[in-house]
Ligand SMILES: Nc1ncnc2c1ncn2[C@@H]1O[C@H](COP(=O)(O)OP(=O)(O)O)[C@@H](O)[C@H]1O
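Shown next as structure tokens: one chain only, the form predicted alone.
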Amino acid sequence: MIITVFNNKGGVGKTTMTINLAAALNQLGKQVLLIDIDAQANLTTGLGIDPLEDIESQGKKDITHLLTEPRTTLEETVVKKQWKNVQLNIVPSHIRLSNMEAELIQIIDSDRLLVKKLKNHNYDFILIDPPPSFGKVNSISLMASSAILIPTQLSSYPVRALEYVIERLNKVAELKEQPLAVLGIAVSMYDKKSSNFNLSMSERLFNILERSGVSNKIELFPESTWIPRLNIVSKCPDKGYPLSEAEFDDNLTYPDKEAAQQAIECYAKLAEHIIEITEKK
């Protein structure tokens, strides 16, 4: 299953969710590859990889080589990361990707660049992290995907953005030979204390799905999978590891480690839910 974690609204916890969902899937026995196709390389650095020091300076290849060099294979760009109880493979990104829009557009059949490179892969899940925009790399990642996961925050702008996300997905789906499934909408940065506000935002979300004609196709994931708003969730990417490694960090306080465990349990439920959905699909 190749999944693009997609929302054109930034600041909804998309990359953080991608990292920790991948870790949760791996802890459930799944082989996972992460592809960073965002020039900001937040997923890459969030897993402790410096695109300059660890990749460029050592003559290794990244997503830009995978997209523009016909002979560069997926295996040549993969970086393997191992923590105490999580192992993930990553195709890192690089800031040069931000200047490659024109070059990518000129390549024949550019929207299918990644499709070709991901044929015959050996992973249970590939999670692609694109930028929060509607540029060329987004088209490339969506065309390569068999499914979409939409992360959102229960607040006005992210919920409003869902309408444009759905519109974009419908256009891409028309160009694909195989169906583009939407796994559902996953909630991040959830504040349990704001119950009335959360309810109103959920109702607005359902109204958008109804208005877009997809209320019977796209589900809001159950509340048990919603990722809470906790400082430790946003702190771990700065440290270069997934939440699952927080318990081994001697520099974290006990409350931080407890909060991390709370979030990990939610990510585990999110991963289990996604595995159940993908097996059905």
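All figures in this text were calculated on a predicted structure; none of them were measured in a lab. Just count from 1 along the sequence shown to find any residue number.
One more form of this protein exists, namely the form predicted in complex with the named molecule; it is left out here, but the text below deals with it.
Peer 1: Any idea which of 46-54, 59-67, 26-34, 227-235 reaches within 4.5 Å of the named molecule in the predicted complex, heavy atoms considered?
Peer 2: Result for this chain: 227-235.
Peer 1: The named molecule isn't shown here, but in the predicted complex which of 149, 189, 165, 142 has a heavy atom within 4.5 Å of it?
Peer 2: That would be 189.
Peer 1: Is residue 12 close enough to touch the named molecule in the predicted complex, meaning at least one heavy atom pair within 4.5 Å?
Peer 2: Result yes; residue 12 sits at the interface with the named molecule in the predicted complex.
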